[in-house]
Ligand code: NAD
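Taking the form predicted on its own, here's one chain by itself in structure tokens.
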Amino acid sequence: MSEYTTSPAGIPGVTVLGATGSIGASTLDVMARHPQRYRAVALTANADVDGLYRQCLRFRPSYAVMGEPAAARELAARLRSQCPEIRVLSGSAGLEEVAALPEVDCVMAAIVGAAGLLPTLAAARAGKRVLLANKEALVMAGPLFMQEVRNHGAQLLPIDSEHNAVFQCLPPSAAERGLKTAGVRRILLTSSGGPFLRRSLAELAEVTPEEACAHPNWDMGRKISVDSATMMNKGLEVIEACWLFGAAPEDIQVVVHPQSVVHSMVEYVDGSVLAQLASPDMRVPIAHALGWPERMASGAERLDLFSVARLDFEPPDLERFPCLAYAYEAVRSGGTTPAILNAANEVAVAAFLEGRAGFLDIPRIIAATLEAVPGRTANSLSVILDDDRRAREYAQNRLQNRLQNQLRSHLRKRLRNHLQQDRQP
């Protein structure tokens, strides 16, 4: 068995935060392939009542949590006749409770965005094995989060395919010893380049949310898909890698690799470069982290190098994808600046997905927010959350002003056209 403490039921218990999302569903798929090794203690979702209801019927957890109280009431009513034993909770308090349950050994932290920070922190404070798919926990609160992991003896294993690949390529305890002491020259963090790798700036101005969400290699949620298209996802991963592996920003090089077969690499001082290769399927890193230090079947398709045939690598284009540069600037600035970056990005991406902003407005809003909202020393969770709030308010106001200016411009144009028509004989 893996190095878990045995739960009261005799099988390691797992809480899946964000169970109905792509990572959560993949986690449950891997667990279902090994029913004698894991049991679902708690499943959570934000608002997808139908999805969580179906998962509850299949996996019979002890707890189910919905983000919204109304959704929790609906789920509880639907489960009453089928699974009356399932306790239904709601909100942040419910998420934090199921992340820290005594019968839970392992927590999959797969809630997207800042909403995942508090329950992931609760899991760390409870000394759990934390499978970290919520990169925002480290982006927003890296020093605080890592200190909580150390203070409470939690075990942190990365789920992002790139960080999981780096973890597999590093020697044991490299982060504790220091990368340079372990003979590491640099981390090579690969990126697919997203769906717009070959688009010009003029073409990027016209892309739609549907195009941005159509990733060529990965099946991901809409927000993460847009982050991949802007390369902000890779920027957030750079920040995450700094905290996970004790790396400086200059120790991390982003490499565009369109095939998404090499998930990342580690270069050593002797000239060796170790790489982890696999099919682009998130069940591979999930199975690795669930079973670590053992290996177990993930259900992913085996990698066929003859079908892949070639592996291409190129540097990122920071002119067309400035979000990556903003992330490097944020982690160098430190303090709450990464949290401000993340907040502005979440607001801008939501506006783009809702049709209230264009694709190129995303980096513009982020740049304006970073300039207008100065970062502070991240010496407490309250300071981090306050700067997150300030950044969101500024970005929302910026968007609102932009929409009002567009409306005024549109009305002026219509008025000019109307007056020109009236002057015609």
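Numbers for residues come from their place in the sequence shown, where the first is 1. Computed from a predicted model, the values in this text were never measured in an experiment.
Keep in mind the form predicted together with nicotinamide-adenine-dinucleotide (NAD) is missing from the figure; the text below concerns it.
The three residues 22, 113 and 133 all sit with a heavy atom within 4.5 Å of nicotinamide-adenine-dinucleotide (NAD) in the predicted bound form. Residue contact check for residue 325: none of its heavy atoms lie within 4.5 Å of nicotinamide-adenine-dinucleotide (NAD) in the predicted bound form.
In the predicted bound form, nicotinamide-adenine-dinucleotide (NAD) lies farther than 4.5 Å from every heavy atom of residue 204. Taking the partner from elsewhere, residue 46 is found to have a heavy atom lying within 4.5 Å of nicotinamide-adenine-dinucleotide (NAD) in the predicted bound form. Using a 4.5 angstroms threshold between heavy atoms, residue 226 stays clear of nicotinamide-adenine-dinucleotide (NAD) in the predicted bound form. Site annotation in the predicted bound form: the residue of 86, 256, 220, 277 reaching within 4.5 Å of nicotinamide-adenine-dinucleotide (NAD) with a heavy atom is 220. The contact residue chosen from 282, 212, 169, 238 relative to nicotinamide-adenine-dinucleotide (NAD) in the predicted bound form is 282, the criterion being a non-hydrogen atom within 4.5 angstroms. Comparing 177-185, 266-274, 135-143, 193-201 against nicotinamide-adenine-dinucleotide (NAD) in the predicted bound form, the single stretch with non-hydrogen atoms within 4.5 angstroms of it is 135-143. In the predicted bound form, 160 is the single residue of 150-173 with at least one heavy atom within 4.5 Å of nicotinamide-adenine-dinucleotide (NAD).
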